[in-house]
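This document opens with one chain alone, in structure tokens, the form predicted alone.
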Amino acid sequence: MAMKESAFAGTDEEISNPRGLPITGNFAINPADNITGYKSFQAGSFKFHRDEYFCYVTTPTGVHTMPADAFLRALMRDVAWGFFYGTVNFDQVFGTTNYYGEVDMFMGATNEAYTAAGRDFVERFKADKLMDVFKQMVSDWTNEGYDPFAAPMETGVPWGIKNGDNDEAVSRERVTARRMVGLPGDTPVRTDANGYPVNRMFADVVQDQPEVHAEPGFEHEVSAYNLFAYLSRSDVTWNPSVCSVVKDSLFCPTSEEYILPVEHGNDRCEWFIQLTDEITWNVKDGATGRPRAIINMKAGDCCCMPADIRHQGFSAKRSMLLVWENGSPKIPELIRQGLAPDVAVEF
């Protein structure tokens, strides 16, 4: 559930376009509404506006309504993750699919009721152009005191007319270690001193750090840190960080509380290792949304999400999860061509 920095710019290889869609332009940011104070936005034929309680997505095939809190939490992840791996379903109707340099934005394309009725709608955009609109949208629609990255009990509310902003929260820099957290010149270990206090639900996590005694000349090559202490100080939820990198192998631990704000549709296999507490995962078919499984993961459990599903997690207590990713940009197209499996193991 995280990407290394180089993955956001796409690759030198031809960008996949399974639907054969042309690139859409026509972006607009409209003045603030006289009543609510919020700006409205347009990307191609998609139009976005919000009021005191709801966000609205309008396309030539209809209007879709989402509660403002659910929309903003999902939008925040799509922005922070750079459209992520595969598909980010904001809910069962609206979302984006990342082709690494270009993005499909859709209404109903992964909902079999919409597709069966011919009500689905999809347009394709340059990723950087659509990202610019999304960043301005989450900035304008987030009010003072509300943090769409935080657990509900740790933040204010998104309701009401326009009231200031919280750009400090919505513009957080994601953690992307080049080699490993704590190495000289890499992402630092979290401490009180650099602005990361221990979260209220992890007060019992031991904060001791390992002692490292490197041979002379290897001080920059040998390192260790307390991962549990590091995660206990995370100031966000459902936002995996790249904490170690070995070629395309990425360890992406994260702290989870309440609900994963999106249904993430995989375009590759994704390993989960439950480090503490418990998460329940609702797993659905990626293309249709039909239920496929419910997984209840407790501390020590390990599972692998296939490449053809979507998943959403529920965590009643703040928990720690290790996500293991293969960050190779070649995998999605290999799977589409049938040259790579969509499961990690066949029995």
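Numbering starts at 1 and runs along the sequence shown. Bear in mind that the values here come from a model prediction, so they are computed numbers and not experimental data.
Form predicted together with a further copy of the same chain: not shown, discussed below.
Using a 4.5 Å heavy atom cut-off, are Phe54, Thr65 and Ala151 all in contact with a further copy of the same chain in the predicted complex?
-> Checking in the predicted complex: Phe54, Thr65 and Ala151 are all within 4.5 Å of a further copy of the same chain.
Contact between Ala28 and a further copy of the same chain in the predicted complex at 4.5 Å, heavy atoms?
-> Residue-level check for Ala28: no, no contact with a further copy of the same chain.
Look up in the predicted complex whether Ser40 has a non-hydrogen atom within 4.5 angstroms of a further copy of the same chain, and give yes or no.
-> No, no contact at 4.5 Å.
Is Glu257 a contact residue for a further copy of the same chain in the predicted complex, using a 4.5 Å heavy atom cut-off?
-> Yes, Glu257 sits close enough to a further copy of the same chain in the predicted complex that at least one of its heavy atoms falls within 4.5 Å.
Taking heavy atoms and a 4.5 Å cut-off, does Thr142 contact a further copy of the same chain in the predicted complex?
-> No, Thr142 is distant from the partner.
In the predicted complex, which of the stretches 80 to 88, 125 to 133, 153 to 161, 190 to 198 has residues with heavy atoms within 4.5 Å of a further copy of the same chain?
-> Of the stretches listed, the one contacting the partner is 153 to 161.
Among Tyr100, Tyr146, Phe106, Tyr114, which has any heavy atom within 4.5 Å of a further copy of the same chain in the predicted complex?
-> Answer to the contact question: Tyr114.
Any residue of 289 to 327 that, in the predicted complex, places a heavy atom within 4.5 Å of a further copy of the same chain | Contacting residues: Arg290, Pro291, Ile294, Phe314, Ser315, Ala316.
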